[in-house]
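What follows is a single chain, given as structure tokens, in the form predicted on its own.
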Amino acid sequence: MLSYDIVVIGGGPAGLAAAIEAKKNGVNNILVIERDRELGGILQQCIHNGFGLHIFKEELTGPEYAERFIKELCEMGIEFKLDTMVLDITKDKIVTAINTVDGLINIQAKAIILAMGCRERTRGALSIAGTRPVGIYNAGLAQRLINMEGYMVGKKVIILGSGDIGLIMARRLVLEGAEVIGVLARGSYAAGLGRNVVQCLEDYNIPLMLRHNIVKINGKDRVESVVVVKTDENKNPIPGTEEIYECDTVLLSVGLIPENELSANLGIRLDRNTGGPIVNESMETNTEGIFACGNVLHVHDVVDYVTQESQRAGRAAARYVKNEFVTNSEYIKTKPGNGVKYIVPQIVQIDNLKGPIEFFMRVRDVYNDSRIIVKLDDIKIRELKRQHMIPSEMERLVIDSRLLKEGSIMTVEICSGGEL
């Protein structure tokens, strides 16, 4: 059996940042396991710019951003295995994996960092009626086919879902010569970042069709058309509004799901609002010595935040290996209040904090001229003004840990409009 101090599952931006940070904090025996043919994860197919503004203060493409971490990982001598699939993880921190070089391998770790990322929701989750012809893709798959494999996916395209990948692919398809009929959103606002709505749709005259949905896909061998309906305020179809749009390709950009099959099999507690593990201030799950970070924990909108969060996990895993970790100390729980969907981390052990702590959260609706109210046991400890908040853009809160010492539950809620 192989033996490592830290095993990182996933070689995307989260896994790379966590491994590098653990090495910088004094742990030398680290292994990164990646199931794809190269390191970098989804960044390798994201050839558009906009990465690195927070970390490097410059705009990089996805491959450029990944390259900086891959280069650093290699220069530090951190080991990695590619084309390797992890099959199982036990509570004793034994990782079972398989590849074509080593065959079936067992690896004993002192600490494990889960960084498996997320996957796209598919047509099967949407229950769209119709046939199953060629020409229906998830937006991320289409991105990989065009940007990495060199295949064009269609000539006349309609996109369902206004997430960032769908917005970016609308522009990419136009640049490759396709006609994009429009990007459909079931709700009253786009699910992606505002900057992507402007740069990917408005700048290219691609219609954003709010409150519209595809209810049927037509075609025998290839997609021939779709039936589109308008939706009400609850995102339900409005009868009598059906319209047929001719197209040969449908792209689905309808949400991301953290990949937690390994976590669930291990018995790690998952947050139903994030789809990822419940973690404490150190990114540690309820299984001691197993940490989680990146999109396997909750879906991020900016990769720089993935990096920063994963660095926190890497530092904590290093402290755990070196027996510097405080366990079983006093802790508080975080609780999403009015207008808040989730908060990460969900648990805070004050004794492990030496300074401010950063929380990530998402709101449930669109809020203008509002305030974020932070309470500890119903006593207000922090208040932040926000001009505009939407569910697709993650909010960050930095709280002085000294404010959290005397309490048990930290609640975050939104006050808007006349409540100001």
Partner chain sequence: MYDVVIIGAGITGGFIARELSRYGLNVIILEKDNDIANGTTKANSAIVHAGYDAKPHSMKAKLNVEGNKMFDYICEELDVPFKRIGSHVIAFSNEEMVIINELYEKGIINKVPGLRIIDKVELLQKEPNINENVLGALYAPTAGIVGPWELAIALMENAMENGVELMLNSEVINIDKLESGYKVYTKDNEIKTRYIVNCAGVHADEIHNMVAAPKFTITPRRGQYFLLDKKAGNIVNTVVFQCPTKISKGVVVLPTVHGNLLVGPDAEDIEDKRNTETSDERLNYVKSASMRTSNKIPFNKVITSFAGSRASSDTGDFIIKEAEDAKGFIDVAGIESPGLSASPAIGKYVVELIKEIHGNLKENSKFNSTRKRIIHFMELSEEEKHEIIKRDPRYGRIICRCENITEGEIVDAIHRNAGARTVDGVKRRVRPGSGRCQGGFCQPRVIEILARELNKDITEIVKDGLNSNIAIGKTK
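Keep in mind it's a predicted model, so treat the numbers as computed, not measured. Positions refer to the first chain, counted from 1.
Below, we turn to the form predicted in complex with the partner chain, even though it does not appear here.
Q: Pick from 347-355, 372-380, 28-36, 388-396: which stretch has a heavy atom within 4.5 Å of the partner chain in the predicted bound form?
A: Of the options given, it is 28-36.
Q: Would T100 sit within 4.5 Å of the partner chain in the predicted bound form, counting heavy atoms only?
A: The answer is yes: T100 has a heavy atom within 4.5 Å of the partner chain.
Q: Looking in the predicted bound form, any heavy atom of S127 within 4.5 Å of the partner chain?
A: Contact with the partner chain, yes.
Q: Does the partner chain get within 4.5 angstroms of any non-hydrogen atom of M152 in the predicted bound form?
A: The answer is yes: M152 has a heavy atom within 4.5 Å of the partner chain.
Q: Determine whether any heavy atom of D271 comes within 4.5 Å of a heavy atom of the partner chain in the predicted bound form, and answer yes or no.
A: No, D271 sits far enough from the partner chain in the predicted bound form that none of its heavy atoms falls within 4.5 Å.
Q: Since exactly one of I107, V250, C200, C118 fits, which has a heavy atom within 4.5 Å of the partner chain in the predicted bound form?
A: Answer to the contact question: C118.
Q: Looking at S225, N286, T90, T122, which is the one with a non-hydrogen atom within 4.5 Å of the partner chain in the predicted bound form?
A: Checked against the cut-off, the match is T122.
Q: In the predicted bound form, does each of D5, I70 and D301 have a heavy atom within 4.5 Å of the partner chain?
A: No residue of the spot touches the partner chain in the predicted bound form.
Q: Within 4.5 Å of the partner chain in the predicted bound form, counting any non-hydrogen atom, which residues from 159-196 show up?
A: Heavy-atom contacts within 4.5 Å come from L175, E176, G177.
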